[in-house]
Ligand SMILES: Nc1ncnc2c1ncn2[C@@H]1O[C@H](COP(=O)(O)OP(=O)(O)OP(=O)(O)O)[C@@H](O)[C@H]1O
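First comes one chain, alone, set out as structure tokens in the form predicted on its own.
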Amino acid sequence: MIVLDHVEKIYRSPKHGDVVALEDIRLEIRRGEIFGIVGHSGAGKSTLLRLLNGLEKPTSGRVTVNGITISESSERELREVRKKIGMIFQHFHLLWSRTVWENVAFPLELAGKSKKEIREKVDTLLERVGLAHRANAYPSQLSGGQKQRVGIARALANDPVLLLCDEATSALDPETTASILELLKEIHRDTGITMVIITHEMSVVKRLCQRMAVMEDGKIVEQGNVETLFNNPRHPVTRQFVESLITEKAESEQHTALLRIHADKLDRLWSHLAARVKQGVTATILPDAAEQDDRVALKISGPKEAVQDAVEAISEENREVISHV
């Protein structure tokens, strides 16, 4: 489906010198798969994306998409190729003066479709992304997740064979991100469309992609099956991304119990908690909590199950639960 053969991209500047954006990129993305490209800012992800949709041409090497060598195509040929490439953007890129319905209709109008075709297609797409009830709303009236759903519907309007997602969830909160990723999964399952996911978030790749490539300083430093790279990362950059995901997951699973304990029970309480330190449980006496009737406020934190186990273990002691977070 997509082949990048020894691709190099150099930006020439007589004043500032040459900037190597991509160096010896060798990559093959199979038809029908969801492929992730991960890297920090400046790694070369955006430049690579612009080569895939023909907005940039490589300095050397070949870029082939759906059997067409777009690195050697004319502008007229590229316009035809782009009709079958959908784009989803980080900041949505919607037309603010148009309604949701009109935004999705726009690429169909450009393609010269009839009014009947446009009406049927737009209605179907809005139903698919769950926005049929917001067809007459304007982008300013939508949440971030709804705006991205409009962007997805618009990207699918011309039945593309390739969907390019450029940091499509970076501007969204975790809950909305999860719903957008689930929508993309459903679309892939129903259509079999090839997807390329450009992101700096390992969690997105882990949830959505089958294979991935990791970029750093314009190079692909590691690529392969997502599970394989996650379980056995070889390059330091890949390890860094994996570690960040593990940390993020651990933080999201943290649980806190706030208790008020009689001060004379603390010694016995510590013995209950000491055995759970290896489970990640920590206990802190809150310094700004005023003692009331010889009681102190205590915060117990850690993995949810371990915290619940610790609270149960001290349930025989005299305490009052203030709240659980």
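For every residue, the number given is its place in the sequence shown, counted from 1. All values derive from a computational prediction rather than experimental measurement.
Omitted from view is the form predicted in complex with the ligand, to which the following refers.
For the options R30, R26, H262, R50, the one in contact with the ligand in the predicted bound form, meaning a heavy atom within 4.5 Å, is R50. Contact check for G61: every heavy atom lies farther than 4.5 Å from the ligand in the predicted bound form. The ligand in the predicted bound form comes within 4.5 Å of no heavy atom belonging to G280. For S46, a non-hydrogen atom is located within 4.5 Å of the ligand in the predicted bound form, even though that partner is not displayed. Looking at A313, you'd find every heavy atom of it more than 4.5 angstroms from the ligand in the predicted bound form.
Interface residues of 1-23, taken as those with a heavy atom within 4.5 Å of the ligand in the predicted bound form (partner not displayed): Y11, V19, A21, in sequence order.
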